[in-house]
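Quick setup: one chain, the form predicted alone, written in structure tokens, and binding and motion questions come after.
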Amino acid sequence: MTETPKLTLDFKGLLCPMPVVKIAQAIKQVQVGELIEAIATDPGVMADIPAWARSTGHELVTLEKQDKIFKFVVKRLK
């Protein structure tokens, strides 16, 4: 069974750390166990989003690069 993200966010054009700031704000808008899907163009998200997820206790479900777009899904765990 595939889970559907509760929120889909567009961070294209934002430079790090703004995608981290925005995902930190958005995680408060979903319930525990729900997903947020986001896309970004700054390659810094490849390091920053996993570090944010580890430090805040949320799960990074996927993080992938598609051409110049970085797509990631985060699950709220607490």
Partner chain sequence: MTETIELALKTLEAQLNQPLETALEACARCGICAEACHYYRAEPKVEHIPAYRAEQLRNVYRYEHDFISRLFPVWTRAKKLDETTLANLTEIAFSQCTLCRRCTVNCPLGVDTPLMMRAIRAMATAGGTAPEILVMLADAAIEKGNDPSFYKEMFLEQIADMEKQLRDITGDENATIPVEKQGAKILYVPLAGAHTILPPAVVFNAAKEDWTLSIFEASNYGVFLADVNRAKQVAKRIVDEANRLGVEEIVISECGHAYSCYRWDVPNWFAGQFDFKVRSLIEVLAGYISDGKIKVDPTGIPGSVTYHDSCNLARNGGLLEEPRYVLKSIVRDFREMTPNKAEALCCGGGGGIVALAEYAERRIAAGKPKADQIKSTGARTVVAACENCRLQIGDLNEHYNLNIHVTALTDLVVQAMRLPKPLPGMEAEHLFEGEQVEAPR
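This structure is a prediction, so every number in the text was calculated from the model and none was measured. Positions refer to the first chain, counted from 1.
Below: the form predicted together with the partner chain, not depicted.
Not one of Thr4, Lys12 and Ile36 places a heavy atom within 4.5 Å of the partner chain in the model of the complex. The closest heavy atom approach of Ser55 to the partner chain in the model of the complex falls within 4.5 Å. Using a 4.5 Å cutoff between non-hydrogen atoms, Val30 does not count as a contact of the partner chain in the model of the complex.
In the model of the complex, the partner chain sits within 4.5 Å of a heavy atom of Ala24. In the model of the complex, the partner chain sits within 4.5 Å of a heavy atom of Met18. Residues are counted as partner-facing when one of their heavy atoms sits within 4.5 Å of the partner chain in the model of the complex; in 40-73 these are Asp42, Pro43, Gly44, Met46, Ala47, Asp48, Pro50, Ala51, Trp52, Arg54, Ser55, Thr56, Leu63, Lys65, in sequence order.
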